[in-house]
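Quick heads-up: it's one chain on its own, the form predicted alone, in structure tokens.
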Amino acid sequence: MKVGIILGSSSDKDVMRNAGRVLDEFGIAWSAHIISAHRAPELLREQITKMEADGVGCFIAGAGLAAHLPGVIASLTTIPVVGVPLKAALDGMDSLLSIVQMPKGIPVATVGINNSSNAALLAVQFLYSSDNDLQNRMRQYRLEMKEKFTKDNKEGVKL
């Protein structure tokens, strides 16, 4: 199983890098590409087709401003797409609304502004429906997260 990460611009690398880190933590292969839905639509179509043939099981797309990239990808494939609205104009609210308001029939899962880590975790959940080992690793990840919160609270919270 693989994940394809698509960025609309090289300026998105800092935010989207976290998606790769999370996927690495789960041992999921991924590749990242910078392709603008507006400036290179033919290249985007070609890359999506190539990645589908290569076994990509989920796409993560980060986009700011008009934020069409996740929706355009979703229009080109039936593989799940997770959109990451990026903070650009209007503190990212324009991106969030552009991604979350997809027309009926072309869904894009959407996470919080600049939250590519959650996009990767959602991709893991999409992929693990057919992989028991990955399911167990996600359960372990959640258990470790819960244990950290439990430990922090046992030690007391100092404000």
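Start at 1 and count along the sequence shown; that's the residue number. Note that this is a predicted model, so its numbers are computed, not measured.
Keep in mind that the form predicted in complex with a further copy of the same chain is missing from the display, and what follows is about it.
Not displayed here, a further copy of the same chain is approached by V108 to within 4.5 Å at the level of heavy atoms in the predicted complex. At a distance threshold of 4.5 angstroms between non-hydrogen atoms, A63 is out of contact with a further copy of the same chain in the predicted complex. Taking non-hydrogen atoms only, A74 approaches a further copy of the same chain to within 4.5 angstroms in the predicted complex.
The closest non-hydrogen atom of I48 lies beyond 4.5 Å of a further copy of the same chain in the predicted complex. Interface residues of 9-40, taken as those with a heavy atom within 4.5 Å of a further copy of the same chain in the predicted complex (partner not displayed): K13, M16, R17, N18, R21, W30, A32, H33, I34, I35, S36, A37, H38, R39, A40, in sequence order.
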